[in-house]
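In the form predicted alone, a lone chain appears below as structure tokens.
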Amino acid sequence: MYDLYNMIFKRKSFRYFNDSLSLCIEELQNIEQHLNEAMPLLDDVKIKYRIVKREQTTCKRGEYCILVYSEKKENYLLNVGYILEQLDLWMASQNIGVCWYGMGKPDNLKYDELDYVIMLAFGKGQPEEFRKDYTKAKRKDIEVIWSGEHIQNVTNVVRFAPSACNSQPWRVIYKNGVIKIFRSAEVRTIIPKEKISFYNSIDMGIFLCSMEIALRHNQYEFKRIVHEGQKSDEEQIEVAQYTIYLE
């Protein structure tokens, strides 16, 4: 995984794109290459992508869309979020604007027998259009999402990960070198109730990616465990655990 730590502070969700700017073939090829090189969270889940013109979808933003199709296995939504956040951050480094477009529909809901999951709308951006002061982004207070000890240059960074409708479902407990990560089932959001679990599970994959980028950048070695069999009726749903190797 590339060191994308500084892009956490630069990226933002693009709502508007300059239609006079267009991506060239080489840029599209680089996007496809980095997408295929992204590290998966889960090695045993089949996933494929299509890059199409926005007009081939119901999306109203950007020049192109990345359509994501996946095998439906345990934690496949975590896997999608984890992979796409790597691309989201890398694209910010290339001055390409991105918008996670959850409610959009593609031209085909199936691709090579895999099911459509979500799309990223994207287009050419200008350097000045990206975030200049990440602290102005609306995020929950640290005390809401993080309990226990803090990790320098990690705790206050990972909370700026993007999420559906800025719902920020992640909750973290850190003690004695062990980070326990949960998904809150009680977030308040405009997302329809029947869709909250779907989108917030993708969000948790985004958060895990951000956590690992921050840990690696600050030279923490760790072991990850992704939990299975999540129960949606729990208030705090176990997602993952990281054991940090402290000196």
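Note that residue numbering follows the sequence shown and begins at 1. Note that this is a predicted model, so its numbers are computed, not measured.
The discussion below concerns the form predicted in complex with a small molecule, not included here.
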Partner-facing stretch of 122 to 130, 143 to 151, 164 to 172, 105 to 113, counted where any non-hydrogen atom is within 4.5 angstroms of the small molecule in the predicted complex: 164 to 172
In the predicted complex, the residue from Cys65, Ile206, Ile213, Ile31 that sits within 4.5 Å of the small molecule by heavy atoms: Ile206
The single option of Lys180, His217, Arg50, Arg61 touching the small molecule in the predicted complex, heavy atom within 4.5 Å: Arg61
Whether Lys12, Arg15 and Ile202 all lie within 4.5 angstroms of the small molecule in the predicted complex by heavy atom: yes
Heavy atom of Ile118 within 4.5 Å of the small molecule in the predicted complex: yes
Exercise: Tyr82 in contact with the small molecule in the predicted complex, heavy atom 4.5 Å: no
Any non-hydrogen atom of Tyr101 within 4.5 angstroms of the small molecule in the predicted complex: yes
